[in-house]
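Both blocks below hold the same protein chain, though in two forms, and each is given as structure tokens: structure 1 and structure 2.
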Structure 1
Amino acid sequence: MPPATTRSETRLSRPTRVAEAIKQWVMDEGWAPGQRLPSEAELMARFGMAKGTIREAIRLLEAQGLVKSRTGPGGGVFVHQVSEERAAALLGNYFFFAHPTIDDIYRLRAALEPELAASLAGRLSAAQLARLDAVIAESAPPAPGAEDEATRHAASLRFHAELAAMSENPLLRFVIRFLAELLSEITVARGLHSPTDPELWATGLAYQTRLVEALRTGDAEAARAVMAAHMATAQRLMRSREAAVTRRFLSDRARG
């Protein structure tokens, strides 16, 4: 018997309703990634829908990355786990048109990253600490040109993505990594990375070095304080760069 539908669900198309019902079914049954969905005929019988509706529902789920179809021997439709990279890419498509500001991003970073740092103090392995040291080293040499500066700036932000990846909290890990990647893309797209800013480079390097030391010694309060100061300083400097680029753009338009 097909599951009952609510009034709000009846406003959705049939394929969308079936896709949502399949998602709920998968969660209720506790199916893991890699498990095969029932056959098309079984789905038609369960949901009381025609073949075309079932196929369209599966296409919707594939577009969302929640199932994956395989052909040939052993083929079928399988539960699929959406990767962090794909989820971030889809969310990034939304912000492609939303145009978040530097302040928008740093308000969230300032709230989340100090707590992340405190939670990791004294919990990281020697290999993880070495990885953070290596990322700092990538951003350490002064950048001679705009292209090199973009690479250096990306490495500086990658430090925060790497740190977030070490968290056991999947939601915190995803949000912080996404914000770091979004800021990296915005910085380059809006030309905020060039020309080289010695103050931004030096303060960022100093804060990250102090942070790793606090993480290594297990000082949670120091880690929280260093990260909070890092976020406040970076926000101030990036805000001034954003304002400078805007002024330069308006000046160029006025001359044009």
Structure 2
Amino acid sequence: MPPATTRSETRLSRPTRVAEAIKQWVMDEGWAPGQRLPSEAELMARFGMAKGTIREAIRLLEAQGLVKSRTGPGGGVFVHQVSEERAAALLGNYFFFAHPTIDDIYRLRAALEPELAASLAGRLSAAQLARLDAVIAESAPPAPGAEDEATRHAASLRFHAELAAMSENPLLRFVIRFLAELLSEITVARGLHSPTDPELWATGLAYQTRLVEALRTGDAEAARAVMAAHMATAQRLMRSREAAVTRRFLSDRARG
């Protein structure tokens, strides 16, 4: 006969249970980032477990970006605000397996970036507008045709990242920046870059310039329209590139 005593879900490992208990504890008490958790010794006593077990629990929280440890006097384990970089990296692990296509990414960009542009129109400070101008200027090549498309693409993504950072909406900010990073990784990984087409470069810069102008004058609908057009052309371009790469792969396989 099975014991009537408390079983209490012993299927989860002790470090996992301790980590969840600590997380719940921190949330219940409403501890802010920077607050110190009890020392390892105190946690050992509190949970009645060995040092190794407690340390594994802390690693589980550390990997999530929720705590950070420091050695020495005044050291310890501290509540930590999850950074955007950490969150993006963790989410990237998921899409490493889900492999979205370039087109998948552009579906979301095409829907979100115009919304972002519209929401920023007339709301940016002079300093922020100047910053955008500076990013555009950076991406303009000193000598025509001197840089390759990888650089151009990276510069474009930097512009979009800067723009997203100016949004008050943390969700919009995160998703747009994440999509840009993902796009960058995938294009690099698949070698989707080709030698610079100066004409293309010029039109890209023209889009950005017109966008900043609309943002400056506060014309939300113009900003939305410019960004939507920009996304449409970029999407078309990348679609044809992806098709070309697929064809190349196929012919390689046919040969090999």
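Residue 1 is the first residue of structure 1, and the numbers go on in sequence order from there. Model, not experiment: these values are computed from the prediction. In this text, rigid core is short for the largest set of C-alphas that superpose within 1.5 Å between two forms.
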message: Does the form predicted in complex with the DNA correspond to structure 1 or to structure 2?
response: 2
Displaced residue check between structure 1 and structure 2: residue 95, CA, 2 Å or over, core reference: yes
field: Inter-form CA displacement between structure 1 and structure 2 at residue 55 - rigid core frame, Å
entry: 2.4
